[in-house]
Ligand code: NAD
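The chain below stands alone and is given in structure tokens; this is the form predicted alone.
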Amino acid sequence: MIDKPLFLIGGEFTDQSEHPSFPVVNPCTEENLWDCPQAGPSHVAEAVKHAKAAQSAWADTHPSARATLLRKTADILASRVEAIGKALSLEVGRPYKMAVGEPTRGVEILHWIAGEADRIGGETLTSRAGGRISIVREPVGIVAGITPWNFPVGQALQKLGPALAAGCPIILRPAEIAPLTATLLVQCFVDAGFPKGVIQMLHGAPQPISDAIFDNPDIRKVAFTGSTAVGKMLLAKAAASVKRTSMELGGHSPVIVCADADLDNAAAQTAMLKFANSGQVCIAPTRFYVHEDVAEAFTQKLVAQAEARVLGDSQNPDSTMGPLAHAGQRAKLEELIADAIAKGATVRTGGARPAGLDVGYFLEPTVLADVPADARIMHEEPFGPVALITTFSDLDEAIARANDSEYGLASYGFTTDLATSEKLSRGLQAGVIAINNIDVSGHESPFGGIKQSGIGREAGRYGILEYMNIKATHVTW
């Protein structure tokens, strides 16, 4: 297996570049893990050339043949879960025993997408003007996938899998924080036998590569996961050549805990997702609106869950939570926490750098109570292990406050009353909602946001459709 980050261009792995390489830092130790080659506009142009050469043949390949290659890739990935999990753990800082879960789930993602490839089809309508209307789905063309560092396997597969299943060549630009993870993942596709030029990958600074991607008229779609601020800039660039886009952007997920909720379940479920990956999860429950009758009881249970986390090096088997991925993220969180405290919030646990972990970008799992509505952290996505608790007395009020955000990715509710659960489902403004659980991103279900949390959907049968054009042909005799 490959042991360092490399580009994949035209079927060949390489590190050849006129640009200086950049260091990849272990967030647990702040030490250099390895150096990564950096691509530039010339690499994008070369990758597009190879993609164009492969495009027609890949589009003409029967979907069932594409599905076979995806299933073969899944089998290879399954045999490399430990190696990919180790690279992910080192680069992102997630404890190893949790990091291996991501490529393991990636195997399931590929098998699901392969099944969807087998089901690509069209329909035939009878025209009111006479004759038949044949409706078919065709590949959109060359795709660029731009993915984040927090889930470097899963997010890449949600671009690679559907694009390839739909018959599109794809150029992947993974986050520079986790380049070896991405290299090892892409090697699985190469070893499975995907044709040269159908899948390619470039590492490097975001702006030069993304500028070259959006300036190239042969790239017809861009799939991006990242912050809302960056998504807005990319959408503006896409307008120049009317590129199709799918955007999975930021989130600031509310949780409504009703007076009749199972508090143990609510605390355990939300803590599991809140502190997973050190809180660096776009769907992480963050703004907790808890009924005043149960607020203190729920807060105590959530605090106990937070304090049960064991911070430490990602390679330590006792660790259940690692550091933040980079120093800038921790500094931003510390600023937001300080602002909330200054405006009246109470620290129930955490809120500081942990004693004894002076190296690495660690921050204690934190629960803030009585967080005022004007605190910055109630409006700016914290993207870290911080839970914000405030109370409510009226459910309509709670739903209105939960919806009072530019974000609309995920929302959660906890109640034992069926009518209340229906009211939450209807009233909460989000692309994905979970009631009495945190399961909002299953393979079989569409995933994506509304408002400023994104455009388009991933997963389920909807994921492949994002990579296909619809063509209608009216035939008369």
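Note that residue numbering begins at 1 and tracks the sequence as displayed. Predicted model, so just to flag it, every value in this text is computed and none were measured.
The form predicted in complex with nicotinamide-adenine-dinucleotide exists for this protein as well; it is not shown, and the discussion that follows is about that form.
Under a 4.5 angstroms non-hydrogen atom cutoff, nicotinamide-adenine-dinucleotide in the predicted bound form lacks residue 369 among its neighbouring residues. Contact check for residue 212: every heavy atom lies farther than 4.5 Å from nicotinamide-adenine-dinucleotide in the predicted bound form. The closest non-hydrogen atom of residue 331 lies beyond 4.5 Å of nicotinamide-adenine-dinucleotide in the predicted bound form. Taking the partner from the other structure, nicotinamide-adenine-dinucleotide in the predicted bound form has a heavy atom within 4.5 Å of a heavy atom of residue 233. 146 is the sole member of 271, 146, 198, 258 with a non-hydrogen atom within 4.5 Å of nicotinamide-adenine-dinucleotide in the predicted bound form. Among 194, 362, 383, 298, the residue placing a heavy atom within 4.5 Å of nicotinamide-adenine-dinucleotide in the predicted bound form is 383. In short, of 160 to 168, 259 to 267, 220 to 228, 395 to 403 it is 220 to 228 that has heavy atoms within 4.5 Å of nicotinamide-adenine-dinucleotide in the predicted bound form.
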